[in-house]
Ligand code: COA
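A lone chain, given as structure tokens: the form predicted alone.
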Amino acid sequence: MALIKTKIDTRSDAFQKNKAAYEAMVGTLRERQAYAVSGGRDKQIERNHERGKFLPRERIDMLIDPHTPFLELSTLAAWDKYKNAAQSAGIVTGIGIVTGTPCVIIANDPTVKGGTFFPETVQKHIRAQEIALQNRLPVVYLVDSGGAFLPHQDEVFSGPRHFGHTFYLQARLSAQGLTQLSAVFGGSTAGGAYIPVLCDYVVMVRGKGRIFLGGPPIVKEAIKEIVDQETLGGAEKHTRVSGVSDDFADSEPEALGKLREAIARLNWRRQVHAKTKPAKPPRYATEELLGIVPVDRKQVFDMYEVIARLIDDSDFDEFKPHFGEELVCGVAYIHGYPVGIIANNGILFSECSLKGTHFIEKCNQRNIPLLFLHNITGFMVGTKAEESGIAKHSSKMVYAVANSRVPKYSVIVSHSCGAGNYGMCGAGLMPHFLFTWPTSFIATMAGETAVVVMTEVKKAGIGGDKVTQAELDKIAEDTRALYTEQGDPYHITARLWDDGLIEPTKTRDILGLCLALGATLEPETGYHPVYRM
């Protein structure tokens, strides 16, 4: 055993100060999540219930197996955008267990602008489908949508990752044998009609569910036909006449029950390819994470202390502990599943890059998934760093991450800046899941570094030596404000650059759920040599 022994004094003033500040941040996070779930639309929720309809999270609760978790993703998507009237981007996504089968679930929220698609709605929908592809999971669509939010149609309709891409992914999911099922509880109009139609199984709620490419107003305008919604595209029409739907139900619970029956008959088998162990709790309380990571990102902290509170029994088999010490690498278990951990304890040098690359290759050879814990302001700069080949060696680490054959997970604890974000498997490197903490910060560089760069550029550029100190001060002030705003975790999560802003104390359990999914992915066959870097 290689137990991590804590050096933290939980009674110290520094620990207690960090803990109090972090508890306040967690309180803010919970308040904002509560607003995203049910805030700001009491009338719409009441009207929805009066119509005998349920909210998307209520539907999900009825769909998944009792007493099993639902891993909701990107709850704060679109936060602080559209005057905060697009709560959770009008869609709920996540992973739940249905009749013993893990499924990606995508559910429209009709109480948010009628379930219409904002730009963030599309991105959230697409990300859920990508997660299904990466983790080889069936997808369940709980449809209740008015289609695209027309005032933002130019950001929703025609781009390569706009609404049409959801259909492409549905076709790709089908091609890979990943079953898709849907229940239609309300509207499914125009392009949105293809969501259920592209599925392997469709059930509609009679009297409420509707599918049509053009609603009654469009039909009247196009061909002068006057028709009501039910006659045009109701459950009876599509189940008995057109065959678009496979079945209908008289209530939402009945429709959800039919979905459960269909999933139970999928004959879905998931073999665990990981050598698991009985799960053990860490030797130190996960609640102590709140006192370890300072809210002030300028203060340093020891990532070993974070690792010790995430892994089973705080048992960490470290790789090359005396080489490239700023990058911590090692194998551990989380909830009984093996994982290779790569964590930052400082800026990355060439030695760190070589160490990280070597460790990634070893984990790939042994089919051990990777977990990246970010606190990185970037790779080292300067003459000595360039002479050591930092550009070449850091690119090796990026290559290794990009071509990794095992599942990859990222948690951004504090800084994740510059090329360090790429080397540590940021969103652009397609991790299977990426989560952020309230202390996270993602940007091209640290804010104060950006201030220096921008002021120096101004001195050397337009105005030359004639630039005034007042102008430089204004540039510094504006740059500092810009990076503070754009690097903020709420700015990040609102734009779907992560899969959710989470509480540190819940990280271990969330990672356990993710690792359980990854452990069932069949490893690639073939010979993959490990090159000593």
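Start at 1 and count along the sequence shown; that's the residue number. As the structure is a prediction and not an experimental result, all values here were calculated from the model.
Omitted here: the form predicted together with the named molecule. The next part is about that form.
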query	finding
Proximity to the named molecule in the predicted complex, single hit among Gln123, Ser414, Thr116, Gln129 (heavy atom within 4.5 Å)	Thr116
Answer option from Arg480, Arg51, Lys506, Arg30, heavy atom within 4.5 Å of the named molecule in the predicted complex	Arg51
Gln44, Arg47 and Ala148 all contacting the named molecule in the predicted complex, non-hydrogen atom within 4.5 Å	yes
Partner contact for Ser404 in the predicted complex: the named molecule, 4.5 angstroms, heavy atom	no
Partner proximity in the predicted complex: Ser395 to the named molecule, non-hydrogen atom cutoff 4.5 Å	no
Contact test in the predicted complex: Ile307 vs the named molecule, heavy atoms, 4.5 Å	no
Interface membership of Asn364, the named molecule in the predicted complex, 4.5 Å heavy atom rule	no
Option from 376 to 384, 344 to 352, 140 to 148, 69 to 77 whose residues, in the predicted complex, bring a heavy atom within 4.5 Å of the named molecule	140 to 148
